[in-house]
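Here's a solo chain for you in structure tokens, the form predicted on its own.
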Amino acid sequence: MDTMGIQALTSPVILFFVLGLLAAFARSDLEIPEAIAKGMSLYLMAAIGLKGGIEVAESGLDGTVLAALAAGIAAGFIMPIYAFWVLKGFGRLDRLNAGAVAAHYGSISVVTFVTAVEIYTIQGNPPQGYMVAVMASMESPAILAGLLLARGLGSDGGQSKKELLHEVLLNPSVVLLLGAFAIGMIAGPSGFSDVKPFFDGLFKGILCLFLLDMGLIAARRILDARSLTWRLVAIALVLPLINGAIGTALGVGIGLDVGSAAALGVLCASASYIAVPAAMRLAMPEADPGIYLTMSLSITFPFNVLVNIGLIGALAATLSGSGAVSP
């Protein structure tokens, strides 16, 4: 195994996630109270948004940033389309559930992104701060695409359309990420200095505890899963590989640095398990959460954290011609 792979697998961030998986599989009673887990989630989104905004305030907006945003939005619309036909054909899902699952695989996982940023930073390829804005821009297009594929928006009543639009555009993760990003841009490095000990100094420790909780949840959903077939498990493993490779190649193609191209690949490879499930629960309550949540959270999320982040980083380095990063 090369140095990059060893660094990824021996990072405390990954090891705490593995601890959560093992504890749940061993039927341990270890758990993190829901209120604390929610607080950690809010902290992580605020911290990553702030730091991204500060980096953009220092570097400014340019053609590369705009190209990355356009690539992310386009990917959010396009990825659910082919995912839908794979789920409906090979996966043998009905149209409604195929659309619901497809929306998850066009959207993003904030925790996967944050984990990848930490790993790529350790490896010497930190993604640029503007990738936070790219991440936030990819949630809503995927939700809209999934709904259109499942049954179109015209079948809903006026009130449900209004509620759905509110859920898509103003869901908590998007509001907090973009809001913190804007605050970081306005405050800049000098304004951030007062809160830096909280948002920077505690970040890695809180991320470790959050991933411990995610490992517990993911493993327990696998143990309780009843709706999955081997076909859906295969899709949940192969789709991140394909999406990750496409996103990484796209990032390199539009001129992103190695870390940012890899981050775009991770965003394309990840699957939402927070914002999109909330939107699907509102828009399509008859869709089976036992399918879309188990696929995204219990299969794709662990696979990305343990395997695919490293593969995408290596692919980005290879396509960029930079090779592996020395320790």
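Just so we're clear, the structure is a prediction, and the values are computed from it rather than from any experiment. In case it trips you up, residue 1 is the first one in the sequence shown, and so on.
In what follows, reference is made to the form predicted together with a further copy of the same chain, a form of this protein that is not presented.
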Identify, from the list 249, 183, 241, 233, the residue with a heavy atom within 4.5 Å of a further copy of the same chain in the predicted complex.
183
Exactly one of 187, 228, 237, 254 has a non-hydrogen atom within 4.5 Å of a further copy of the same chain in the predicted complex; which residue is it?
187
Decide whether residue 94 counts as a contact residue for a further copy of the same chain in the predicted complex under a heavy atom distance cut-off of 4.5 Å.
no
Should residue 69 be classed as touching a further copy of the same chain in the predicted complex when contacts are defined as heavy atoms within 4.5 Å?
no
Residue 60: heavy atom within 4.5 Å of a further copy of the same chain in the predicted complex?
no
With a 4.5 Å heavy atom cut-off, would you call residue 199 a contact of a further copy of the same chain in the predicted complex?
yes
Quick check for you: of 137 to 145, 124 to 132, 204 to 212, 71 to 79, which stretch puts a non-hydrogen atom within 4.5 Å of a further copy of the same chain in the predicted complex?
204 to 212
Interface residues of 30 to 45 toward a further copy of the same chain, as seen in the predicted complex [heavy atoms, 4.5 Å]:
30, 31, 32, 33, 35, 36, 38, 39, 42
